[in-house]
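First comes one chain, alone, set out as structure tokens in the form predicted on its own.
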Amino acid sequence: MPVRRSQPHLFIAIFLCFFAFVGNVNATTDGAKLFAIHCAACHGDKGDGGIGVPLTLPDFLTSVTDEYLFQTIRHGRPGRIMPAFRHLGDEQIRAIVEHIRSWAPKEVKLIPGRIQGNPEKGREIFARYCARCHGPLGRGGTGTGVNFTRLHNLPIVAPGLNNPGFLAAASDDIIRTTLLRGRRGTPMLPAAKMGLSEQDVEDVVSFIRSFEKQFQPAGKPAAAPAKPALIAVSTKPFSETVERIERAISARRLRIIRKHSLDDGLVAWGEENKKQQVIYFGSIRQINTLLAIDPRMGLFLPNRITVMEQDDGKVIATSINPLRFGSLFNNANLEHTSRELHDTYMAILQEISR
């Protein structure tokens, strides 16, 4: 048939057009286009924030240098939402920085000086005035970017200061300037309004800079990410396997939200494979907790386990491995809840392998 004969040519044409588009994107040095592709999904089309913090705050762009922005894009914030863009060339990153800089008509004005502070005194001041937002260890608030929901008590999640990416990008002058001037549009007040002297600020800067001592040496390989999936082989037939999983879910006071065939919506109604089923489950508390930490977790919520009978009669059950979430989203705050969720999945899957 003519239509079928033309399909390979159509596929090849689409394939070539796709890679031509990708090649053009990878080669472009248009800062606005690069920002739209790599940054806008988190920071907003106009830099007003979302999952990522807003870049157009009145006191942000006037208190950070182009080098700070460059290093932030290049190295990201390990464990803190912002990924590293190591695949972009230097010229492309500079183009993005120039685009971001176009939002701030005022020039950068840092408050220079030589840090002569006492980090131990800075620790005490930090605990009293900074830890409420930035965390007791300076690792940042829980969650992402701008908070739009009632689940958060602050309008913007405070960034992590105890972070190798931040400390590599931020000079002492940038940290000092931020402390002295504060950040309008956020809970961060100028030091003077908090009753802090210039020496107090120097002490806090020294304490923040002392975080650098704990980070692993450059070049040391990072731990391998967890396997992406959990898989269990059932010792029971398909229907009994599904029943056991449902009982195990209910026994943990989790609600079964819905069930459907794996190919539901992909085949004609009534032709679904009844031996491939997805079971959705969870609790409102658990879902709220995970979404508050990172709204991108909505991709994997509610929890789900897929049960399938293979052609050889073997029945398997599989789920995503929650231990992968922290590295997948570059969000270390998911570690504790991901571990809990992993243990729940494992306990349920063990019920079918006995």
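Residue positions are given as counts along the sequence shown, with the first one as 1. Quantities reported herein were computed from a predicted structural model and do not represent experimental measurements.
Separately, the form predicted in complex with a small molecule exists; it is not shown, and the next lines address it.
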property	result
Exercise: Arg324 in contact with the small molecule in the predicted complex, heavy atom 4.5 Å	no
Exercise: Pro54 in contact with the small molecule in the predicted complex, heavy atom 4.5 Å	yes
Interface membership of Cys133, the small molecule in the predicted complex, 4.5 Å heavy atom rule	yes
4.5 Å heavy atom contact, Arg183 and the small molecule in the predicted complex	yes
The small molecule in the predicted complex reached by all of Phe238, Phe300 and Met346, non-hydrogen atom within 4.5 Å	no
Per-stretch contact check against the small molecule in the predicted complex, the hit in 280-288, 258-266, 113-121, 159-167 (non-hydrogen atom, 4.5 angstroms)	159-167
Position in contact with the small molecule when the complex is considered in the predicted complex, options Leu196, Leu230, Ile245, Ala95, heavy atoms within 4.5 Å	Leu196
Among the candidates Leu69, Ile320, Val315, Ile293, the residue which, in the predicted complex, approaches the small molecule to within 4.5 Å (heavy atoms)	Leu69
